[in-house]
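First comes one chain, alone, set out as structure tokens in the form predicted alone.
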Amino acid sequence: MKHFIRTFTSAAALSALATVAMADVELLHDKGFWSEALEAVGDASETSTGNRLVQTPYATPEQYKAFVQTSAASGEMPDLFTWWTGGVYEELIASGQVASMDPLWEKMIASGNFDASLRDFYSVDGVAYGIPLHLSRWIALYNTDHFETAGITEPTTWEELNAAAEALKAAGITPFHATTQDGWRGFIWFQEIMIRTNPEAYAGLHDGSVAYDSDAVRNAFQIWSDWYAKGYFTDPRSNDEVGDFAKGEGAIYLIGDWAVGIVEGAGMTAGEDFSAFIMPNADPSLPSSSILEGSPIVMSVSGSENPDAMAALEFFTSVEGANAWAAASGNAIGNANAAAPNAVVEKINADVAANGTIAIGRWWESVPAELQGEIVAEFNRFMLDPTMETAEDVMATVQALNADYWANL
């Protein structure tokens, strides 16, 4: 798995390629939509350093997670692989199979390419165990033609957001784009409405201090259900979320800015066909905020014994590597001296700086790992039947799971 050599008939060719192959390092991941982009980074790495990063996609997120966790239990881990932060990150580190990235972070910070605060995002008990695969803010992408047709501009208040939705609907355009595709997306609008209405309660959901059938959660479901009743959402059963947005189905698409490059790949041009804004708060006294996601690349203890693996990561975090990744995928990794990957990310970076936007952890990483799948399945169930009757049942089911988890710690 870690290294490979293709078969050639020429002994001379085989000898020459064996030398190159020894510098090939596999990166295992569950993000098949970035396979081509990771291939491009591998090409850039080989050209620049002679060390090639070879990407290997693996099935669905849940199957991938199970595979890596089983590998950790057996002690047979891949050298490099992508993961998530939050509870599943801490659990994997507790296995003792993940290597410290502190030496690399020291170089990344000393170079002036990375702010020291970013290291904390990937640290557990003061030790950094990952580097950024991407650092993404969750924002509202919007179709600029749809906004022009409806005669609206980017909403800056909750009232303007609702007025924009009404104007879009009056123009024959569905305001919000959201699906249950791939099973994990159900939490997106839930988390967004929660942080816009009651961020303290949102935080309390993650440590068991706030119940999923509390008034704060019920209020979020009421807003969500009302928006569905008003016809503000696209069909949640779509299995081509990005493609549908690119075709004009839904004006506002709530997603991490990691999706910008994928949307461009579907035929839209960032900064022209679509732009983005940070969602406004329902309570104007709340500070500007956005969800921050930062999937890590981690290294196994066995991988830390492979110098080529560390060399591959050093290239990825360099300005050259960050620019290659940005150009291929539309993603930033937090390298302060790298170019913004696209016009939308550049705009959002400026908005964040101008508004003092704070970062809030994503629901997926914040919720206990044991609850992720079951709770998001309930959110999906609501999206497929978005009535308050369904919401009440979903809240009761989720709270039963939540209460049982915290009672048995």
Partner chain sequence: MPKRETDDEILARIGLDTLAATEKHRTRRAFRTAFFFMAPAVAFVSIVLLFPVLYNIYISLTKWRRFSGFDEFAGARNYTRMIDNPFFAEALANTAIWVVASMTLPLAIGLGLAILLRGAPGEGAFKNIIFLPRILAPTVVGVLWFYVYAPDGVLNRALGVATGREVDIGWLYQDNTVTGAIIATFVWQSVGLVMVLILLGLAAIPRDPIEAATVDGARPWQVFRHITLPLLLPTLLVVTILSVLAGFTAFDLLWVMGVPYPGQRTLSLAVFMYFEAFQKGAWAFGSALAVVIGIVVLSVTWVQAAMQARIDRMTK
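Residue numbers count along the first chain shown, from 1. Remember, it's a predicted structure, so these values are computed and weren't measured experimentally.
There is also a form predicted in complex with its partner chain; it is not shown, and the following applies to it.
Remark: none of the three candidate residues (118, 124 and 306) comes within 4.5 Å of its partner chain in the predicted bound form, counting heavy atoms only. Not displayed here, its partner chain is approached by residue 68 to within 4.5 Å at the level of heavy atoms in the predicted bound form. Contact between residue 378 and its partner chain in the predicted bound form is found at the 4.5 Å heavy atom cutoff. Among heavy atoms of residue 224, none comes within 4.5 Å of its partner chain in the predicted bound form. Contact between residue 92 and its partner chain in the predicted bound form is found at the 4.5 Å heavy atom cutoff. For the options 239, 153, 209, 269, the residue carrying a heavy atom within 4.5 angstroms of its partner chain in the predicted bound form is 239.
Out of the listed residues 161, 259, 88, 291, 88 is the one that sits within 4.5 Å of its partner chain in the predicted bound form by at least one heavy atom.
With its partner chain omitted here, the record of contacts in the predicted bound form names 59-67 of 46-54, 337-345, 59-67, 352-360, defined by a heavy atom within 4.5 Å.
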